[in-house]
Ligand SMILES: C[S@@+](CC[C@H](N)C(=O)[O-])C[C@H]1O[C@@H](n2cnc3c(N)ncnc32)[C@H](O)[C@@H]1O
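Consider the single chain below, provided in structure tokens and representing the form predicted on its own.
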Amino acid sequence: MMYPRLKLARNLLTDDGVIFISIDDNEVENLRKLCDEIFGEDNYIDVFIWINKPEGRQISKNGAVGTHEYIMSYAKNSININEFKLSLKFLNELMPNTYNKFSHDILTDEYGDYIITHELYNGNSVFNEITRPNLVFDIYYNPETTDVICENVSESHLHDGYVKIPPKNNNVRNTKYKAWRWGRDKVVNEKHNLEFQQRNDSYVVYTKRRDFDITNVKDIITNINTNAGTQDINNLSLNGLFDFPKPVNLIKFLSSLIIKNNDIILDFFAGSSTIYEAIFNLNLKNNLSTHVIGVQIPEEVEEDSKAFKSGFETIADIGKERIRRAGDKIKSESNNNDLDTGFKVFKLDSSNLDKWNPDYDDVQKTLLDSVNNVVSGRSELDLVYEIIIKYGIDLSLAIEEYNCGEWTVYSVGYGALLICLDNDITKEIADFIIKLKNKLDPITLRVVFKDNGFVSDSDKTNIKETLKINNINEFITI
């Protein structure tokens, strides 16, 4: 069952898309082989191992108890992998040496958060006054004013109040000095991104990094385990309704590596809908507008479960309630009721239009029945959404209703598509549609009617011609 789903996933990925696949140790080897075939070995990025049981290794009478799971990642196109791996390399520098302590302290100054990373000295002896003469100079630092001066090593002078910090000795292949990582202009202009630490009578210079949301990373990485996932559910007063939910911070961590504004994330196995709560938080924190599509079959919950007794019949029902509560929670905590945490729910079904399936023993009755070709029990909105899907229009677009007497006109995408599915339509509706066009001023416009919705064929023809005169040429009947 994995192969067709992964094949579909690859087809749905954008050219710069990335896929993350969560799996335990039972199928991880098989998954790697499948992904190498479908995505290509060159598009393999990495495998993340996360500790889902932070208590540590355990041995039971039945054998070893698993403490971790895997998340395998592939790109659609290998040209994007190098940039992605640079982010991973930096994250690796930040990773905790143990599960409780971070490798770097997070400090703050007037310019914001930072960590101290490398020494400004270049450790490679190949970079010296011969190969990189512009990177070999003396630095003068004033501990009182934090001012910085740079001078050539052969032109150094004493400066009152300043300490001299020379480049390191090299003594390799007739060279005296190792180069700095930065040029002198950058040292002077970006001195706020340098850390001068005193050691006895000398100073060592380190670089500060500010090009990553370090606080966010620390908060995320240090709180990723199944206990945290359960707590996330409990924080929404959905205690005990879902077993082993993915932690919100795990999904935030993975998403933060790749998402850009207006991206679309597709979750094939939405489960308790952790992805929505994670993206709500990232959108708010980073001022993004990332969209999520979650897919979940209506898998029934056990009748003796707490979820069933709480009124939930399927896993999908739990997910929908979680999205509502997560949305309300983030609005409340941010004091911003204008946040868009809304969502639409669609169920996979057959077409709303009856197929032509004649009864050859009574063709006349079949012809009469086919006059109304909408499946019994389907609503107008059901048909509106089917039309939207068949046109390839974004399902998240707003749908507005306008009344023209007894007729209802649905506007999709602020007038890009107008749909009227009423009966007994006369030529007067053409004037109403023209007024809507002038009001909404869409770039393109098409109109859709029911084929049998007109009072007469002459009304249908008059409406079509009137709209055409007013530059509405796409006239469709179903």
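For every residue, the number given is its place in the sequence shown, counted from 1. Computed from a prediction, not measured in an experiment: that's the story for all the values here.
If you look for the form predicted in complex with the named molecule, you will not find it shown, but the lines that follow are about it.
Considering the named molecule in the predicted bound form, the lone stretch of 294 to 302, 396 to 404, 190 to 198, 123 to 131 in range is 294 to 302 [heavy atom distance within 4.5 Å]. Out of the listed residues Ile315, Leu254, Ile259, Ile388, Ile315 is the one that sits within 4.5 Å of the named molecule in the predicted bound form by at least one heavy atom.
For the options Phe269, Tyr206, Phe308, Tyr203, the one in contact with the named molecule in the predicted bound form, meaning a heavy atom within 4.5 Å, is Phe269. For the chain shown alone, Tyr177 is not a contact residue for the named molecule in the predicted bound form, no non-hydrogen atom being within 4.5 angstroms.
Although the partner is absent from this view, Phe242 contacts the named molecule in the predicted bound form, with a non-hydrogen atom inside 4.5 angstroms. Among residues of the shown chain, Lys7 is not one whose heavy atoms approach the named molecule to within 4.5 Å in the predicted bound form.
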